[in-house]
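As a starting point, one isolated chain is supplied in structure tokens, in the form predicted alone.
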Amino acid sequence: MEKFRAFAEFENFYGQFRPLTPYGRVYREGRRFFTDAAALKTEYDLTAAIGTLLAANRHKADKLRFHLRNIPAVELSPEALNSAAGLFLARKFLINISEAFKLLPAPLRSRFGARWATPDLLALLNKGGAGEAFHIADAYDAALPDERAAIAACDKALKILREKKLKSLRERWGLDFTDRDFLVVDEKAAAKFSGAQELFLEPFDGTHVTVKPVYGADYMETVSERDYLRGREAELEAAAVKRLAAAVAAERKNLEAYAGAIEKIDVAAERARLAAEFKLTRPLIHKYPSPVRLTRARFLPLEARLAEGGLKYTPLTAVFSRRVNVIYGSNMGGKTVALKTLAFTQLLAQSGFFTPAAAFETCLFDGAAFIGGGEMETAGGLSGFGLEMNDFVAAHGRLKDGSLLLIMDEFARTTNSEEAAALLSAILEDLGGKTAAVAFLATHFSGLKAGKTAASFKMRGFDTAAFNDYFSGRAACGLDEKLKMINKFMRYELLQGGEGEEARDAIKIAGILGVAKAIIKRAQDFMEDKK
């Protein structure tokens, strides 16, 4: 499947699928591939429903995104909950969950399983703060107000004692400890402080000493009392945290249900956003096996690249009624793009997304495999051809486990054409007899014997007449302009038929790209000699 995804450049699109919640992001990492029609229908239905809602109300869409973005992941273990930080996350989770649920009408909440069932828990946690804040409030224990009042009284007394002491030190010794815990004084100047019981001196370096206030017994007794009270307060807070943690843990099932519902809402809303942004439409899924129909299907990665270069893009319209399909055509004629469009659109459909096509009808496959590009790889001492054969053996073995969409791009092109054509013909004939296989092969080899069950197609190819009419008398141009000309006159339509027809565009394209005219003329002579 990884090679199939890579061939389809699926990550180019999937990287733009960005759920806002940690639960949606976990779903994203799963890269689910649906093989159950009922489950996939549910995904499509939720995407359509929430897309309709959000498209009709921009303000509501923005609010939903705000609350989804602010939902944290909540750890429901006793260790995580038994802290103010854990309770803060639980409260933040509940606040944003409740607000997100409110934005959906009741019928849609029901479809997402978004049933709000913990108003009392949220009210309890709301006693600990407003907005993003949370603390163990007085309301959580009847003894807390008295303890905190006593601590506040100690703080006030300590402030008075400190200010009184610092005033005395300024008046008697000329030392200003305002906003300071100590002073660094020249050793000679500090000699006069020697023996002063209200000051503590200690060496700082060879020529200076540190001078600190000595606040006295009353101050230290008050500090001791405050420490005792603070210990009592901490015990009460810990007991309150334990009770709150127990209250949250008691609603574990509801919180887990919220997480499941918000994952669905998040994922569906993000799919709906992508559907609106890229003009995607809902696929129509039939029972396997069924024809695959694409109407103006767009391979989004290529469409974007061509747009950047100012080149036209031709969507793919095709009907594949048979299980084995061979696409003939020349290099640069669009065969690979046709396969990529099919693979990309099928992957989107079976990943729960709407598809970039005016219409897309297909069936579900239990798996998908891609074979091709072997000359670019080596592994374990195998050549490119060896890797392709290895991949084919693996894919062929998967047919006993369920239906398989098999896409082969220029399969066996790294060996001699006679043997390659024979091998491909045998493989296509074999796949035609396997009811679990639906295969698409793009090749420049002509006249493969694929069997009566296979369908053949060809790319329309290069429009020589239009090119000659346009190019006659024009000066030579650079590579970018040459590529634009190839794009301008290459007809990427996929036509029914093509058995036995040989691709004849390579020499023309070589000439456009700058191969010497003498070489092109000689190549054309060789072609004539072969007829």
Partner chain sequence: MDFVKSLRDRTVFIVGSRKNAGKTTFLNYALNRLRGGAPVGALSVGVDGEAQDQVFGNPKPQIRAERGDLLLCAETALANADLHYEILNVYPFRTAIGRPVLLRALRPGRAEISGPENNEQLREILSDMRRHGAGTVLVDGAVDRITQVAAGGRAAFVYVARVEPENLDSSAAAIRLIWSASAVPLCRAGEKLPEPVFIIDGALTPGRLPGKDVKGGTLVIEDLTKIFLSWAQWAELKSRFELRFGAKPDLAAFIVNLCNVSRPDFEKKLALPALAERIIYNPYAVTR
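Residue numbers count along the first chain shown, from 1. Computed from a predicted structure; not experimentally measured.
Omitted from view is the form predicted in complex with its partner chain, to which the following refers.
- Of the listed positions (Thr207, Ser194, Ser77, Ser321), a single one reaches within 4.5 angstroms of its partner chain by any non-hydrogen atom in the model of the complex, namely Thr207.
- For the candidate set Ile160, Ala307, Ala85, Ala250, a heavy atom within 4.5 Å of its partner chain in the model of the complex is found for exactly one residue, namely Ala85.
- Stretch 197-205 is the contacting one of 398-406, 345-353, 197-205, 430-438, since its residues have non-hydrogen atoms within 4.5 Å of its partner chain in the model of the complex.
- Interface membership of Glu237, defined by any non-hydrogen atom within 4.5 Å of its partner chain in the model of the complex, is confirmed.
- Contact annotation for Leu302: none of its heavy atoms lies within 4.5 Å of its partner chain in the model of the complex.
- Using a 4.5 Å cutoff between non-hydrogen atoms, Phe134 counts as a contact of its partner chain in the model of the complex.
- With a 4.5 Å cutoff on heavy atoms, Val184 counts as touching its partner chain in the model of the complex.
- The putative spot formed by Met1, Lys63 and Arg282 is not touched by its partner chain in the model of the complex; no residue has a non-hydrogen atom within 4.5 angstroms of it.
- Annotation for 210-242: interface residues with its partner chain in the model of the complex are Lys212, Arg226, Arg230, Glu233, Glu237 [heavy atom within 4.5 Å].
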